[in-house]
Each structure stands twice: as C-alpha cells, then as structure tokens.
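Take a look at this single chain, the form predicted on its own, given in structure tokens.
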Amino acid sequence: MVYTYYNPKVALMGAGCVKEIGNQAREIGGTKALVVCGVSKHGEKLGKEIAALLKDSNVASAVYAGAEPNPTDTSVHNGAEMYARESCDMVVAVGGGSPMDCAKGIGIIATNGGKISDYEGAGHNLKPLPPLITVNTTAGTASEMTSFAVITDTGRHIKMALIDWRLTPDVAINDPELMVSMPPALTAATGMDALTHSVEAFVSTIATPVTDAAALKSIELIAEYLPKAVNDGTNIEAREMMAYAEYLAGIAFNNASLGYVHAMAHQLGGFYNLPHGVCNAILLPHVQAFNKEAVPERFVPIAQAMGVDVSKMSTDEAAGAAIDAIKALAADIGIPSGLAEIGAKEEDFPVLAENAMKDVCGMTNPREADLDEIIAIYKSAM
C-alpha cells in the first residue's frame, strides 16, 4: 500500500513567531487577505491585531468576524461573499478550530463555487484554494495544519466532515504567547481534543511508523503538560509543549485519520451545538473500551506514554490501564463526567448513531460497529 503524508509548507513555532505573518503572506503572494476570526469580542480583537501585523508588511486585509463556534454553512457562505466583494486573494484565519474550518470552507467556495455541502466527505474539492495562513490560539484541534474541516449543516443539524489535501494550509503559526489567555475549561477541552486525535490515529487501521511516532510523543506531552497548562495558564513552557503536542497530534491524524470518537462527537456537536473537545473527551474512553477488544496490543504503548508502568501487566491489563489513565486525566482537569451532564438525551441516540455511521471519520476505526453497538457506546457514556 502507498502512503501519502500531508503537512503545511511552512510551520512556525515558538514565542513571538506570529510577528512573521506579514513576511509569510508576502512569500506566498498575497496582496489582500480576508482575515477570518471568531464572532466574540475577543475573536474580533485577534482579527484586528492580525490585520495590523499584515499592514506593517504592506499587506492589505478585510476582517470577517463571522466564524461561529461550530462554524455553520451560513458563516462560510457569508465569508465567501465578503472575500469576493473585497477582492481578496488570500485567506488568513486566527483563533481555534472554528475560524480555521470556516476559513477553509471560504477558500473552497472562493475557487470552486457552489455550496459548502457539495464538498462533504473526502476528495470532492477539485481546484486549489487561495493561499491560506492559519494562526492558532488554542492547543487542540490542529486545524491550523490539517487537511480536515468540519462545518455544521444548519438544515440537517449535522456536522459535515470535509477532507481533501488541498485544505492543508500553506503556513501554520503556533505562538504560545497567544494561548496564555485561554481559560482553564477551554484549555482542558482543547487538550483532550488533541489527546483524542493521537489515540484515534494510533489505533487507526492506516497507522504507520510516522504517525505512530507523532501520536505517542503527543500523548506523552499531553499527559505531562496539560494539567500544568490548566492549572496555570501563564506557564509558557506548558503552553509551548501543548502547542507541540497538538501539532504532533495533527501530524498523526492528518495522515492516519480518526475513528468513532470523532464520528460520534460530530453528531453531538451538530445536534445540540455542544463543544467539540468536551464531546470527544467524554466519548474517548468508552469508544476505546470497545476498540481494545480488537487491538489490545495497540493500547500498551498508549499506557506507557500516559505514564503507566506496564512491566508487570498482561496486554489486556495494560490496555485497561491506558483507558483508566485517560479517564483519570479527564477527571483531573475538570472534564464533565458524562453526556447527560452536557445535555444529551438518550431518546436521540438512534438518530445520532445512524448519522455517526455515515461519518467519514469512522472508516479507519479498528473495530467495526453496527447501529446497536454505536447506540450502546453513547449509553455507556451517559
């Protein structure tokens, strides 16, 4: 089998690296950027700060503060209209996964036309996007460097996964100084999102030595530094190590894909408008308890990366210890204990499960589930 690896052309990492954005914009040929940011006051403030940095390098811009949490098809289409109206020739996203995914959707429409729902799934995007720079302010989604985007279809109330190598940004910027203002709850949720990426990539049916190495180092860093970042957001070492962890997780899942955790979490987010990282964090141990029956040996290195001494354990015991360590980390950083706590309802599980089985992320899960088994996993996570 032939494996292909997709990563940004340029990745900047380290305190203060965001100041290079103007130089990078000029390097990739941009003259006017649509700066995509969140709808909050903080998001708009970030957008204006990036616009000012671009102006310092003689790159014009227009700020689109329209990326909602769990970005919608409406926000994508409105952004694409602004991109055309302002005669932009590149896209710059700043924030967490929502502005990144919204920006990717805008880029798709800018060069391919149509509706964003036309590109749901894998491999539908035929024309290259405009130059794309992403400035990450959270340590979780890795959307700043991946070929994935997730957009909510407001008509169907589901999250659409879009996958295409052309969605990979040209330049990814991870400046830990932009992450120190993240509140503890968001730090915890995004960190567990990164952990989910690494675990799902490691047990994926298309994992490789390259993705394994990235996933395991990411898990190791998250186990050590996520509690520190949650407890003290100004700990710049913890912020920087979490930036590395989420980027490594991105390398892993961008090239090995994901599994049922994301397939199921997408439905919770689309149906109830719940935060993606929290949904992943709650589902992660329950899906992996299902998966370990198929590939228990894959959970032994995960346990070791989480800091578990497995030297006197059987494979099955080590696999169970890995899942226990995931649960303990989630509890330690304040993740809700179950889906009921965040508003999920058991009567909705058949619909959620049916949609989850259609989600492209489930294709590389190591154990195939039927509808009843997906419903059972949802119930176990209540």
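This one's a predicted model, so the numbers in the text were calculated from it and none came from an experiment. The numbering used is simple: start at 1 and walk along the sequence shown.
In what follows, reference is made to the form predicted in complex with a small molecule, a form of this protein that is not presented.
A.B. asks: Name the residue from 267, 141, 204, 218 that puts a heavy atom within 4.5 Å of the small molecule in the predicted complex.
C.D. replies: Comparing distances to the small molecule in the predicted complex, the residue within 4.5 Å is 141.
A.B. asks: Of 299, 148, 83, 260, which one comes within 4.5 Å of the small molecule in the predicted complex, counting heavy atoms only?
C.D. replies: Residue within 4.5 Å of the partner: 148.
A.B. asks: Judged by heavy atoms and a 4.5 Å cut-off, are 39, 96 and 253 together in contact with the small molecule in the predicted complex?
C.D. replies: So, yes: the whole triplet contacts the small molecule.
A.B. asks: Although the partner isn't part of this model, could you tell me whether residue 161 comes within 4.5 Å of the small molecule in the predicted complex, counting any heavy atom of the residue?
C.D. replies: Residue 161: no contact with the small molecule in the predicted complex.
A.B. asks: Mark residue 209 yes when one of its heavy atoms lies within 4.5 Å of a heavy atom of the small molecule in the predicted complex, and no otherwise.
C.D. replies: Output for residue 209 is no: heavy atoms all beyond 4.5 Å of the small molecule.
A.B. asks: Check whether residue 183 has any heavy atom within 4.5 Å of a heavy atom of the small molecule in the predicted complex, and answer yes or no.
C.D. replies: Judged by the heavy-atom cut-off of 4.5 Å, residue 183 is in contact with the small molecule in the predicted complex.
A.B. asks: Quick one: is residue 355 in contact with the small molecule in the predicted complex, heavy atoms, 4.5 Å cut-off?
C.D. replies: It does not: once the small molecule is placed as it appears in the predicted complex, residue 355 has no heavy atom within 4.5 Å of it.
A.B. asks: In the predicted complex, which of the stretches 68-76, 303-311, 290-298, 114-122 has residues with heavy atoms within 4.5 Å of the small molecule?
C.D. replies: Of the options given, it is 68-76.
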